[in-house]
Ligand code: AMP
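The chain below stands alone, shown as C-alpha cells; this is the form predicted alone.
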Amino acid sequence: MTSLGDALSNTVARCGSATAILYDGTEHSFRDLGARAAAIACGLTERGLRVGDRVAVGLRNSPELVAAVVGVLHAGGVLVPLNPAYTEDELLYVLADSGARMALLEREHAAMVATARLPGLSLLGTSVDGCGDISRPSAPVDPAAPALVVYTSGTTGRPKGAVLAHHALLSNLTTVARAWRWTDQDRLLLTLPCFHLHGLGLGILTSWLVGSSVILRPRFVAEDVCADLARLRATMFFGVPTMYNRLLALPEAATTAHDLRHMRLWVSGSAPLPAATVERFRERFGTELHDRYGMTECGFVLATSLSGPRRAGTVGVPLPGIEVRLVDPAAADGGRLIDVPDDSDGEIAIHGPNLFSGYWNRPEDTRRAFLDGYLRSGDLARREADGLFRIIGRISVDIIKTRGFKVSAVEIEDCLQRHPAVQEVAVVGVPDADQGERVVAAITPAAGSDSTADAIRAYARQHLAPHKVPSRIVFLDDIPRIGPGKFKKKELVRLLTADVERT
C-alpha cells in the first residue's frame, strides 16, 4: 500500500496538463500545482521538517491552499487543517495541542501567532519555497502513519484531534469515488470550506486522486451557484443542508434559468438532511439530492445509492468494505455490543479500514471511542425494512426527554422544515422543572415570511404527537453553528435557558 503523498504524485504524472483547479477565471493544471507543491515540500524539508512532524495549514480556499496540502503530504508531514476564521484562542489552542512545528497561515492569524511566540513553532506566512520535483517519490512514509490530524468541532469541551492514517484515507476516499462512479471526466463545483473532511477530503483530495477538475470558490454564494454550474459545465456539487435550503429559497427564475442537465450528482452531508428539503429539491431541480453520513473519526460511511433504493430522510446503506451495526447504547456503556432489531433505534457502531487511529495525545478518549474494535459514533439510527438507514440524531443533544417520552429532535426538525415559512430550524430540549426538558424550536424564517409562532405550532400539531410539538418557537436571524451545516445546540440551549430565566 502506498502513502497519500505518493498517490497524489501519481496523479500528477498521469494527468499532467489536465485542469486540476479552476479559480477566479484561471485554470491550474496538475503539473503546475504539482510543481508548486513540490517547491513547498522541499522548502519545508530545508527548514528542518522531518517525517511525522505536524504542519498546520490555515489558508482560505485557493490554489495556494491546494498546493500547500499536497506539499505537506509529499514532504511526509502530518497535515493539521485550520479554520481561517478561528479566534485567537481557538488558533493557539490547536497549534499548541497538535504540537505543530510549522504553520502556513493567513496574515491575520500569522500576526496572532507571532505575538504569542509559541515555543518550537516556525511561522512560514502563507507560503514557503524550495526546489523540488513532484515526479520524485514523496518522503518514505508508513501507510499506517498519520496523514491528517483533524480537530473535531468540540460539542463537549475542547476540540480533539482525530488522527487519520494514510491507508485509512486512501481506502475511504477511493471507496467513495468508486461508489459514486467518479471519473476524471467529472468537474466539481466546490464552495465548502476546505479545512474539514467534507471540503478537504472529498472536495480536494478525492478529486485529485481521481484526476478530476475542481471549480473552487472562496465561499458559498447561493445566487452564484446555478450560474456557475451551467457556465462551467460542472457535473457534481457537494454541500450541507443549509446550502440546499438557501438554493431553494431563491426565486424560481434564479434556478430554472440555467441549463443543469449535465449535473449528475448533488450530495448533502455534515448534518441531517430533512426529507422536506429532498422533496422540494426534486420538485425544483427535477433530480435527486443524495445524502451521506460520516464522521471525522471514520470518514464517509453511509450513502444513498446511485441506482438502488433510496427514500427521502434516509442516508442509504454502508459503503463497500465498511460494517455498520446498530447497538444498544446502554449495553455498550456497560462494555457489550448488543444489536437492536430492525426498525428500532440503536447507536451506530462502525468497523472497517476507514477508522481513525485515535485522538491525538488522548489515550483515554481513544479507549472510550472503541468497543471490541468498533467505533462508537454517539449517533442513533434506525435500519428500516429495506435496509436503508435513517439517522435519529446525536444521543447527547438530539434525544429530548420530555414528559416521560424520548423525542428525536431530528424528527421534529424534519416536520417543521416542511412549513413554507421555515428556512432553517434547530430543535433542542431546554431544562424544565415540570417536564424534564421542554421542546423548543429555533427558526430562521424564509424571506418575506410573516408567519407567527402560533401558526407554526398549529402546523406541528397536525403532524406530530402532542408531546413532540414545540412548547416554544423562537425566531432567530442566525442560529449558532458549530461547523459547516451543524448547529451549536449546546450553546443554543444555554441561550434559550438564559432567555427563559430573564423573563
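Predicted model only: the values in this text are computed from it and were never measured. Counting begins at 1, following the sequence as shown.
What comes next is about the form predicted together with the ligand, which is not displayed.
The candidate spot formed by T152, R292 and E297 lies fully in contact with the ligand in the predicted complex, as each residue has a heavy atom within 4.5 Å of it.
With the partner omitted from this view, the residue of E424, D414, D186, D379 that lies near the ligand in the predicted complex is D379 [heavy atom within 4.5 Å].
Just one of R284, R394, R362, R325 comes within 4.5 Å of the ligand in the predicted complex, counting any heavy atom, and that one is R394.
The candidate stretches are 336 to 344, 166 to 174, 266 to 274, 215 to 223, and the one lying within 4.5 Å of the ligand in the predicted complex by heavy atoms is 266 to 274.
V315 belongs to the set of residues with a heavy atom inside 4.5 Å of the ligand in the predicted complex. Interface residue remark: H196 is counted as part of the site for the ligand in the predicted complex, having a heavy atom within 4.5 Å. The closest heavy atom approach of H262 to the ligand in the predicted complex falls outside 4.5 Å. When the ligand is considered in the predicted complex, K406 lines it closely, a heavy atom lying within 4.5 Å. Shown here is a form in which the CA atoms of G436 and D333 lie at least 3 Å closer together than they do in the predicted complex. Compared with the form shown here, the C-alpha atoms of A349 and E437 sit at least 3 Å closer together in the predicted complex.
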